[in-house]
Each structure stands twice: as C-alpha cells, then as structure tokens.
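Before any questions on how it binds or moves, here is one chain, the form predicted alone, in structure tokens.
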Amino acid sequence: MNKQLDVALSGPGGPYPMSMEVDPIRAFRNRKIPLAHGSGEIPAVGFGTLIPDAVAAKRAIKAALETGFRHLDCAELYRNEAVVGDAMREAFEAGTVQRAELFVTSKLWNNNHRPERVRPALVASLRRLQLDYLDCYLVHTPFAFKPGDELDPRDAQGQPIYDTGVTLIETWRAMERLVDEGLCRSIGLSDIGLEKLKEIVAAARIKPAVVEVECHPYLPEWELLEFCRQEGIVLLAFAPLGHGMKPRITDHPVIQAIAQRIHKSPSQVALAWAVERGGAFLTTSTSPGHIRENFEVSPLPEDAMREMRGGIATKVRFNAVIETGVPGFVPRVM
C-alpha cells in the first residue's frame, strides 16, 4: 500500500492506534494522510481561505477552526494572508487549536517564479501569516508571469504577460531549497496537468508531496489520481462541489439518490467521495451552518462509490486556470 493511503486517524485527543476501536465517522472526518515526500500529515478535510471580504474571512476561518478543520489553504494571490494570520493567532490565544495541530498551506504566485524571487515570496507569506514555517508551499500554477510587483500583468490587448526567461524546473529547484532551510516542510504544485507533473517528478530531488487541482465527480481526474498514488503524492481537490456553478454537482440524480439513502446531504456525498478515493479536499464557506455541514462528512458505502463512477457521465471543468495560469475563481487584480 502506498504511504499516503496508510492513513493515520486522529482527532482532538491525538492519534488513535489502528488496533483501537474508534467512531468510524469521527475518524473519517479527522483523517490525516502521511506525506511521502516531506514531513507531516495533511488532513483530508481542509478549509480554503479564498474569501474576499476581510471581516467575513476572519469570522469564517475562526468558525472553521472551532468546527474542527485543521488544514487552512492560503495564497499570496488571495490578498488576505494577514487576515488568516490574525484569525489563527486569535484561535491560538483562545486555546481553540495549537500551531502543531494545524496544517497550513500557501502558494507561490506566477510573478515570483524566478529563483531569486521564490524565497522572498515565502518569507513575505510567513510574515503575513505570523508563522515560522509552512506545512506545505505550492507553486500556484505552472505559468510564469512577468516578474515584479504586479500580480496580473497584461499587455495592450489585455492578455497575460508571460515570463519566458524561467522554466518550471528552475522554480522547483528554488522550492526544494526552501525545504532544506526548514521554511516549509513539504512542497507541491497546483493547477497542473498530468504531463507537466510527470516532468517535475522525473527531475525532482524532492518530489511534490501534494498536487492541488480542480477535482469533483464531474472532473474525477482518474488518470492523475492513479499517477499520484503510484508516486506517493496526495491529490488535493479544490472546488469539490463545483464552486456553486452550473450544472450543479449536488443536483445530479445519482448523488441525490445516494444522499437520500444514507441520510446525508448531496454536498456531503460529493465531499466524502474525495476522501474515499484516498485524497483530500478543500471547501470554503462563510456560513457557519455550511461550514459544519462540509466538515461532518461520513464514509460512503462501496456501492455508492461504484454508482458515482459508473452513473455520472457529466464532464465539466469549471476553472480554466490549468490552460492559462489565470484563475477563474479569484477576482481579477485591476
């Protein structure tokens, strides 16, 4: 069995020995996946911090931590790392959670791909987040933009200005040095396709620990998932509910029928699907009720997994970032 599938079950009381009887539902939503490349364990259930309004973001992050989320996914591009840092500090001071219990991810943005810009970008994120280290640092997209302070450089025709003076391998070498220095405990890639990922894995001294991509029942990424399994990489799904876009994943008859049968919501079925496949997911909400609902996932029966694989023919990619490096869910920087 691959290391990432040799799952440790843990919760507020600490890790449970595999021989010890535990509540399977509690164990499922508190599942942690050991990282084969790097140190630590990534929680299978994570909270994304892409919430533009600062007040709403801080409130939601604190609610997520109080609910039980132990993975916060951040990024320089979201322009709210300072808000996340304040929310974490207040949670630490309140005794809601300790730093050692949290897995914090952030991302290197496209304008910082040149090797000399990688370390300063991470140090700046750490300062905003008020942390000494990251648990994981991801290359946000494989696309390098014109280096500089402008996050979204555009030409006269409104097209992104790419940087042809750096390769992804060169950026990855700089990422590896961050692990050597102890500034982050693992590194990975985001918004990347299988062929480009294979190139990095083949050349890497420190392999990616995590690959974060859009993934849901309408975009199952089975081939990518299998490659990640073979290489000991955790597949981390963003937009696991399709970001609320149409066609709505939660409206699919197969998912609705399973939800009714097992007495869970369609959202919980779609989220549990990601964990049952051996991966992890990120979900975001500002509603305390939805935050609790998204955390309270439960194991799916085998027949439900078979039904979802064989009975869902809809194929949709909601975010074209993998094709351009321009994220579709982040408000454009003007």
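Keep in mind the model is a prediction, meaning the values are calculated, not measured. When you see a residue number, it is the position in the sequence shown, counting from 1.
Just so you know, the form predicted in complex with a small molecule exists too; it's not on screen, but the next bit is about it.
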| item | value |
| --- | --- |
| Non-hydrogen atom within 4.5 Å of the small molecule in the model of the complex for each of Tyr78, Asp191 and Gly244 | yes |
| Non-hydrogen atom contact Asp135 with the small molecule in the model of the complex at 4.5 angstroms | no |
| Leu65: touches the small molecule in the model of the complex, heavy atom cutoff 4.5 angstroms | no |
| Touches the small molecule in the model of the complex: Ile61 (any heavy atom, 4.5 Å) | no |
| The small molecule contact in the model of the complex: His140, any heavy atom under 4.5 Å | yes |
| Listed range touching the small molecule, judged in the model of the complex by heavy atoms within 4.5 Å, from 36 to 44, 23 to 31, 298 to 306, 276 to 284 | 276 to 284 |
| Contact residue in the model of the complex, from Ile258, Leu235, Leu122, Ala239 (heavy atom within 4.5 Å of the small molecule) | Ala239 |
